[in-house]
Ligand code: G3P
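Take a look at this one chain, the form predicted on its own, written out in structure tokens.
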């Protein structure tokens, strides 16, 4: 495989787990991590306690969530950089204190039965779920929030990795490298999505120097990308998979984890 091989969005059917003969798997396919996207975002308002609790009820082994930094330096569990889409207010996360965010309604936009659900603070999520489920934490646009890496690294003090399972990920490779330098015991992952230029083997080799995971969007996953990720000693968590056919394909491509809005699908 050439050093400058690019991996794009073409899906090539593969049966890299076990053997394949006459259309049937000769050996059983090992299971992957079941990861609830923003909890159980297909059933509940994303990134809320209701969503996380329901994901665990549905069998999720990991909870995927997003963090942004508040005006008073707290880590809010919310995907967007504003509250406009998922609350009854408007404005940037960075213009609110954590207490102000907790007082917003983060559930009614999804369904009236979730009225009163609030935006959680990461510290509360760590305390509630550590030891019960793994946490896959995405740092959203760290360049917008100076100091967010340091604040996040402080959050992990007092948590032992033998009891708690954490993975920190981001599209921002520099931010992930910086976090890894501060918290080398916490595994990190690099998110990748479709682009015209794709990603090269050389880039993946560089990522492997500090990351344990490369987490691609499903539309760019093919056999060769999966094989090179694994050959470099990294694991692959694929997002977002919301039907069984896609889940089966990713399992056969040796995905180590599958991220879904519907954890029971997996």
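Predicted model only: the values in this text are computed from it and were never measured. Numbering follows the first chain given and starts at 1.
Below, we refer to the form predicted together with the named molecule, which is not included among the displayed structures.
Of the candidate stretches 37-45, 53-61, 201-209, 227-235, only 37-45 has residues with heavy atoms within 4.5 Å of the named molecule in the model of the complex. Residue contact with the named molecule in the model of the complex: residue 138 places a heavy atom within 4.5 Å of it. Within this chain, residue 239 lines the site of the named molecule in the model of the complex, having a heavy atom no more than 4.5 Å away. In the model of the complex, at least one heavy atom of residue 79 sits within 4.5 Å of the named molecule. When the named molecule is considered in the model of the complex, residue 169 lines it closely, a heavy atom lying within 4.5 Å. A heavy atom within 4.5 Å of the named molecule in the model of the complex is found for exactly one of 126, 151, 89, 191: 191.
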